[in-house]
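To begin, one chain is listed below as structure tokens, in the form predicted alone.
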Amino acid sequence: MSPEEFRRQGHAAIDWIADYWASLDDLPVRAQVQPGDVRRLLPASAQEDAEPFDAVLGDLDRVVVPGLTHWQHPRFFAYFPANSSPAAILGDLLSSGVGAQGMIWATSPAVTEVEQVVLDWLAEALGLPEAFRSDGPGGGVIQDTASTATFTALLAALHRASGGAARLSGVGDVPWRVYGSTQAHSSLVKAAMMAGLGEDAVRGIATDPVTQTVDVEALRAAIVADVEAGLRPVMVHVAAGSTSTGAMDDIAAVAEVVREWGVWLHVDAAWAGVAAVCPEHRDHLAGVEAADSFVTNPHKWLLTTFDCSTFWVRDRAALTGALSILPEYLRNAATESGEVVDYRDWHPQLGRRFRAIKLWAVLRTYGLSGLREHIRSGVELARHVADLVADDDRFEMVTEPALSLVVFRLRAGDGQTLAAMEAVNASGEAYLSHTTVGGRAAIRLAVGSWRTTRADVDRTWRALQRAAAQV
């Protein structure tokens, strides 16, 4: 494309996005296609001759949109939100236009230093400890997802616990053990698998039947039993907002347990951590100053386009010790001076995009006041959902609302609960997800889109009431 053609098509692409957003309210939230429907609309082989970009834009409506589940829809309440706000999209576009590779400081100093500053801003905004700042012993880095952050934390934990032996000779036959509640994210097990420890190395700790938070005494007993059996505790995963119910483990109490054995404490606040931009929503992070690592995802509830997972460590030495490697072709004066950070040593990947620019754009164009307003709106709408549940005798709450997540069910039973949810999802009116709590099915409704209003919540509730009357 010539610069003029690029400019014209760029305007057309932005226009398409704006039109797509404008049309969302009239689209079914969940994709209405069957397996293979989208594939059949595409040619079997790539074409030989070039065609204009207009053709690609045209096929978005014909091929792609009918096969999308619309995560930006105002009535998308399944899973957690994946916000893609205007400012973040433009920031991502700028990042793509710059096309810089930020694997080491020398390859694009601005990529590294903007990221350091933006993560310092966010750490301060969330009330995180000073040790997590880039001018302290630790620092922050943007990962792609919290799953990668958990894996990275485990590698750092193994490095520290093994005295560096793990990176040289592997985990060997050392019986390492990793701990998390039975509500911990599945990425904990995957991290153990990828680190070579295996699924059996992960100990699932029982939770309180009411709050679904980890049973701290059960955790202590499990560690004691493992130590007495000659096993090596290496990391404890704490959920500050579990996926299933939003359960908030007691970070401070868990920290007291792990301190005795020097076990790495990783706090997974992927969804709920960003709520701490509001001072009144920081209670679930009490004790985070004792954590060795902490992750939260602005790409969920903080208006930042996927992917942007912010990860901090208390002591960067364990992290870079586990992952640093310097082949000859990456040697440079800045790295060898020790005065710069090379983010290639902070995660498994070598290559890295300029992710910080979209978070920078969000923090600047919304301001902390705008972000707080967004978070508070989600919490308020969740409270409204809880009130609606309380006002309908057919429904009951399963757990107390956790920030913007509400978990409830039909009193009639599991079959009716799931049937009502599926009826709403199939209708396209809204999209909800489910979980099981205490062996019983429950509906999850997670508020968080910047487009969601009280009217959207009420419309979804009316659809659930109609479905409940028919199951």
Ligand code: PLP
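Keep in mind it's a predicted model, so treat the numbers as computed, not measured. Residue indices: 1-based, along the sequence shown.
One more form of this protein should be noted, the form predicted together with the ligand, which is absent from this view; the next part is about it.
Problem set entry | Option touching the ligand, based on a heavy atom within 4.5 Å in the predicted complex, out of Ser84, Thr243, Thr213, Ser134 | Checked against the cut-off, the match is Thr243.
Exercise. From the list His185, Arg160, His374, Arg220, which entry has a heavy atom within 4.5 Å of the ligand in the predicted complex?
Worked result: Residue within 4.5 Å of the partner: His185.
For this session: Although the ligand is absent from this view, report whether Asn297 comes within 4.5 Å of it in the predicted complex, heavy atoms only.
Result: Yes, Asn297 lies within 4.5 Å of the ligand in the predicted complex.
Exercise. Ala146 near the ligand in the predicted complex, any heavy atom under 4.5 Å?
Worked result: Yes, Ala146 sits close enough to the ligand in the predicted complex that at least one of its heavy atoms falls within 4.5 Å.
Exercise. Hey, in the predicted complex, is Ala270 touching the ligand, heavy atoms inside 4.5 Å?
Worked result: Output for Ala270 is yes: heavy atoms within 4.5 Å of the ligand.
Problem set entry | Partner proximity in the predicted complex: Phe80 to the ligand, non-hydrogen atom cutoff 4.5 Å | Contact with the ligand, yes.
Exercise. Of 256-264, 111-119, 146-154, 203-211, which is the one stretch near the ligand in the predicted complex, taking non-hydrogen atoms within 4.5 angstroms as near?
Worked result: One stretch meets the cut-off, namely 146-154.
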